Every structure is written in structure tokens, then in C-alpha cells.
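So this first bit is one chain, no partners, the form predicted alone, shown in C-alpha cells.
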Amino acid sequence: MKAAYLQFEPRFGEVSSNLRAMQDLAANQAGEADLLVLPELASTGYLFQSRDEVFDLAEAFPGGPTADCFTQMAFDLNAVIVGGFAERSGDQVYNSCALVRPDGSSHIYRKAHLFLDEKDWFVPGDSPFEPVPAAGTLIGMMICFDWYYPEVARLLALRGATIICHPSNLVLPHCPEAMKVRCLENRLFAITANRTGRDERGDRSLSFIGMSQVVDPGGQILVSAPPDGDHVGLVEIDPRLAEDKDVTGRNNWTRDRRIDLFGDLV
């Protein structure tokens, strides 16, 4: 398949223009993609000032403009779209991402590990770390700071994921290197779609590091983005490579795990 990330700079609160920017970039540069990953909170921007502000910008899925946009992108590109948004569910708001197939069917993942002031804005996610069938394979999802917890990628790998889609708004410099390790230690692909630019709200600001990437099961970066600017990275991958868990002729990732010594981890 052809897998891609879309890196860009959302403008805070400008949902319509952010959605239009992603549609234009995808149409112009990701037309061959079978799987396209968009950043975390791609439709709203990141630096909220209150939970009320989050609630006002959050949307149900389906039923809101972000859902309509992702669904239209999936149809137009004939591709699976994975992208982040603020999800409203009843009186709760989650930092979520949606996987949308070309036929319009979808699946939601809610971020488990909230970063910094996200704890004031969102409810911690309640989604299981369970891959879903899409694009002829099993795709796992995690969002930004979830990378910091190796158990997330491990559970997705143990449950059969060949690709992890990783919408992000990264501000720390460590993640691009860490994702190489996540892929190597779990023998799968990962697509990190990060944003760029800066959110400035009141007396606070955050800068984002860009550096989106696609990494293979050997921990090699197949395509990557610069720290700044819009960028669509498109590369051909074979998800079946992630089904081969042999490390050497005598070592296998699955069979050699010493779960008898792992104690509370299992």
C-alpha cells in the first residue's frame, strides 16, 4: 500500500479553514495514498484556554464538520483517513482520532495519556488498545503522548496491528527517535503525523516540532518531514513485513517473550 502523513499548521479555532487546508494538501499531494494520517486536534488547533472553549469547539462524530470532511476525503482519495479532533460525547470531551474508510464507516480512538493542561480540558480516553481492520490489514491508533508508554504499542502489536497511526501535536524533541524504537521492539510500521508552527493564546504559547515520519519494522525512517512547513510524505510499504516476527533464524519476537518473568506486566 501507499502510506502517507500530512503535516501542516492549524490555526486555532478556525475549523473551516483548517479542514479546507487539509483537503487541499491531500488533493494536491496525497492522491495516490491508500492510508493518510493527519495531526492531533487537526481541525481546532491545540492551545485551549478553558474547558468551556474546548466544549464549544468539540464535535460529535459523526455529525460535525470534521466528520464530514474526513469522510469526504476518504471518498475522494479512495483512502483510509486517520485524523485527530476534539470529540464531544454527551457532556464529556475527549482528545480523539477517527479512522474513516472510503465507504464511510469509521472507528474512534480516545487518547489515554493526557499531556500537561490537556488534563484540564479533556476526559482521559476509555478506548481499548485494539487494532481495527482497514486497508487490507490491521491498524492501531494512538495519539501524541501515548508514545511515551511502550505498553500501548506493545498491546497493539500483540493484538495483530501491522501499522500504528499516530496523530500528534509534539512539543518534546524525543518522540521521533522513540518511535524508531517502538517499531523495532514490536516489528511494525508507524506513521507519525505532527503539526508545525505555534499556538499563542493569552500569555501562553507552544511551538510544535514537525518532523512527521513513516518508520518500518526495522526502525528505519522511510520518509520524514522538516521541522517547519507543510509537508506530505508518501511511501510504499508492505504491511505483510510486520507479520514476520522472526528476528534471527533462532529468535522470534512472539515465541521468545519470557512472560513467565514479566509478573504484573502480564
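Since we're looking at a predicted model, the values are computed, not measured. From 1 onward, residues are counted along the sequence shown.
Same protein, other form: the form predicted in complex with a further copy of the same chain, not shown, and the subject of what follows.
Contact annotation for the candidate site: 45, 50 and 243 all lie away from a further copy of the same chain in the model of the complex (no heavy atom within 4.5 Å). a further copy of the same chain in the model of the complex comes within 4.5 Å of no heavy atom belonging to residue 107. Proximity of residue 76 to a further copy of the same chain in the model of the complex falls outside the 4.5 Å heavy atom cutoff. At a distance threshold of 4.5 angstroms between non-hydrogen atoms, residue 138 is out of contact with a further copy of the same chain in the model of the complex. Contact annotation for residue 65: none of its heavy atoms lies within 4.5 Å of a further copy of the same chain in the model of the complex. With a further copy of the same chain omitted here, the record of contacts in the model of the complex names 155-163 of 155-163, 81-89, 99-107, 189-197, defined by a heavy atom within 4.5 Å. Of the residues in 109-129, those that come within 4.5 Å of a further copy of the same chain in the model of the complex through at least one heavy atom are, in sequence order, 112, 113, 114, 115, 116, 117, 119, 120, 124, 125, 126, 127, 129.
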